[in-house]
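First, one chain by itself in structure tokens, the form predicted alone.
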């Protein structure tokens, strides 16, 4: 059972993540994202970007640090073996691209219970090395009851 008093709790920022071309390429190929701006630096530059851009769902890779923080927090009571992924959404300020050094901060926005299940909504805000917003992602977890 999740502790509802954790709504509003922010975890310390994760260590900066250096977004690399190869990681973007691997992710793009894994999800079938074939746009040239994900794979070819010249194609990305022709569109006005400094390097290849990440596919829209790439930030889920970085959001994993916040999930790890929540799972490791004994006070929250998150039993990850009972978790089902409920929803994911992204709100971009700008595309993420190779060379970005991204810092993620995860905040628990809401904890509710229904029909014996707990629902946790977290938001991970991602900023570049200058503290400028890049993207925020929301993750809803369903923690199945006994």
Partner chain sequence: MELAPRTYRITRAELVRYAGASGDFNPIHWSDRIATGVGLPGVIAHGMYTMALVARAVVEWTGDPAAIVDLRVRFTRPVPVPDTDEGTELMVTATVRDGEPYPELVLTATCAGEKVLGMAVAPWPTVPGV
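Residue numbers count along the first chain shown, from 1. Everything numeric in this text was worked out from a predicted model, so none of it was measured.
If you look for the form predicted in complex with the partner chain, you will not find it shown, but the lines that follow are about it.
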{"query": "Residue 95 within 4.5 Å of the partner chain in the predicted bound form, heavy atoms", "finding": "yes"}
{"query": "4.5 angstroms heavy atom contact with the partner chain in the predicted bound form for residue 30", "finding": "yes"}
{"query": "Heavy atom of residue 109 within 4.5 Å of the partner chain in the predicted bound form", "finding": "no"}
{"query": "Exercise: residue 90 in contact with the partner chain in the predicted bound form, heavy atom 4.5 Å", "finding": "yes"}
{"query": "Three-residue site 69, 79 and 120 fully in contact with the partner chain in the predicted bound form at 4.5 Å by heavy atom", "finding": "no"}
{"query": "Heavy atom within 4.5 Å of the partner chain in the predicted bound form - qualifying residues of 40-55", "finding": "47, 49, 53"}
